[in-house]
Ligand code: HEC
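Shown here is one chain on its own, the form predicted alone, set out as structure tokens.
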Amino acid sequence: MFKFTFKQKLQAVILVSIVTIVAYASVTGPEPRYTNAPGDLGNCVSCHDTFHEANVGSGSVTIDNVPAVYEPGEQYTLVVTVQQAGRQRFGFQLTAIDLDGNRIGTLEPINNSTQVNPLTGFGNRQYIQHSESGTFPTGQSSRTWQFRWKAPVDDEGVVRFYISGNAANGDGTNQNDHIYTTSTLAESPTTVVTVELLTDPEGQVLEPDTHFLIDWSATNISNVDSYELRYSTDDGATFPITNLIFSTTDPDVTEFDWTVPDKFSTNARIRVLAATQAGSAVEVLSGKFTINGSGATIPIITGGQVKGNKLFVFGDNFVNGSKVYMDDVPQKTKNGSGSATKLKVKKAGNNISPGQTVILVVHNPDGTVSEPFEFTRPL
């Protein structure tokens, strides 16, 4: 029979003790400063030997019920959820700090599934986290915790919540767990930025190379980091960087003399976006207007073909974002192999019987529309 030496027995006892301590620390709550907040020691990957970085698994950590703008002195019940299919136990740690990294407000448990760590971090910040009884799933491969955040009595500016979550495999060790992180913020009454467009071209027809004064206003401009103006030719669906009108980091600049480009669109809109020093953004859109440029590309349908359950529409001047309408009903449309002369409509072939005639129309994102085309599926 194989016999252990005294030294081997001692090493085994020490190893078991270490594993037991690690597992116990995991279920009873992590050490402070692992929320991924600036000034913390990192996130839960630091203590869980996961062999990878955070946020690479199929799960997530989320926080809900955070107010967009908090009222000083009010209490809010926040909800944190960690989920991942097939995981057995879950944990989290959260802190609430201002833009300087200091504690803001007060975190409190409302049941025995969470606890406030008795140790604090940089800026006297608090940490609320799972308790031992709060590690077991409460849903299908997930765990949700509720706790209270009391807003400061006085307006102390933006609060940002940082969360690190653990989707553990439940083997009692710190091995092969998945870690997730996220953050969100709540503005205060003195930091929330709102934007209003004072000049709106809604309903107007703007000619190329003419001038239109874009005038806007913003509240709490001391919290404005920058403004950016862009225009859209597809009714606000996209605002590409190529459609940049103007940008500035001067919060006092609230107007710009726009030279209308030589483009055509009956679905144009202007967007004013204000980025805040807290990292959030707020935007306002103009009403829909027309740019009467020469860049119109009127789509033209020249034919169609049914293959299996797909309908292919052939023609000219199809662009990225073109959409086929069949008998006035919009269809799920894709450009065929990046072509500007062919569009693919999935499953539309199932709705056209042999010998049946349908009316096809193509709408381009700039608002141009093809002439109706009668397509009859061959017998």
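Note that this is a predicted model, so its numbers are computed, not measured. Position 1 is the first residue in the sequence shown; the rest follow in order.
Keep in mind that the form predicted together with this ligand is missing from the display, and what follows is about it.
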{"item": "Contact at F90, S164 and T173 by this ligand in the model of the complex, all three, heavy atom at most 4.5 Å", "value": "yes"}
{"item": "Segment that reaches this ligand in the model of the complex - one of 39 to 47, 340 to 348, 66 to 74, 319 to 327, heavy atoms within 4.5 Å", "value": "39 to 47"}
{"item": "4.5 angstroms heavy atom contact with this ligand in the model of the complex for R125", "value": "no"}
{"item": "Proximity of R143 to this ligand in the model of the complex, heavy atoms at 4.5 Å", "value": "no"}
{"item": "4.5 Å heavy atom contact, R269 and this ligand in the model of the complex", "value": "no"}
{"item": "Contact test in the model of the complex: A168 vs this ligand, heavy atoms, 4.5 Å", "value": "yes"}
{"item": "Neighbours of this ligand in the model of the complex among 341 to 371 [non-hydrogen atom within 4.5 angstroms]", "value": "none"}
